[in-house]
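Given next, in structure tokens, is a single chain: the form predicted alone.
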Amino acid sequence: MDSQGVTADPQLQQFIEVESQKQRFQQLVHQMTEVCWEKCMDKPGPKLDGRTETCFVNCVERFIDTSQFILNRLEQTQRSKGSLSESMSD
């Protein structure tokens, strides 16, 4: 048993992590859809015109690029804080 009195089942932990990742992905897709819809869709119709389609493609690409940039920056910040705290404890 761990400090919380709960048995740490590796399969259960892996399942929870996978489901959490799925949930985060679904939230990201929902957010991206909402942002790009508001930005690009003037008036819904039976087909997308070329301008609207291009807008959606660019919006999705920028959203993904921005999300990746933020994640990378957070990882760098976490690593630098970790290395800073390690060097202070030495």
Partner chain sequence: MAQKELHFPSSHPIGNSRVPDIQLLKDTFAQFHGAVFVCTHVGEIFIVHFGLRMDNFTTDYSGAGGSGKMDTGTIMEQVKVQIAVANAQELLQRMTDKCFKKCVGKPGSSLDNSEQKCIAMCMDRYMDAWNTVSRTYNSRLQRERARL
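Keep in mind it's a predicted model, so treat the numbers as computed, not measured. Throughout, rigid core stands for the largest set of C-alpha atoms superposing within 1.5 Å between the two forms. Numbering follows the first chain given and starts at 1.
The same protein also has a form predicted in complex with the partner chain, omitted here; what follows describes it.
Not displayed here, the partner chain is kept clear of Ile70 by more than 4.5 Å at the level of heavy atoms in the predicted bound form. Put simply, His30 is close to the partner chain in the predicted bound form: some heavy atom of it is within 4.5 Å. Remark: Gln23 counts among the residues lining the partner chain in the predicted bound form, judged by a heavy atom distance of 4.5 Å or less.
Proximity of Glu75 to the partner chain in the predicted bound form: non-hydrogen atoms within 4.5 Å are absent; the residue sits far from the partner. For the stretch 47 to 65, the set of residues having any non-hydrogen atom within 4.5 angstroms of the partner chain in the predicted bound form comprises Lys47, Leu48, Glu53, Phe56, Val57, Val60, Glu61, Ile64, Asp65, in sequence order.
Superposed on the core, the two forms differ at Phe69: its CA moves 2 Å or more between this form and the one not shown. Core-superposed comparison between this form and the one not shown: the C-alpha position of Arg51 differs by no less than 2 Å.
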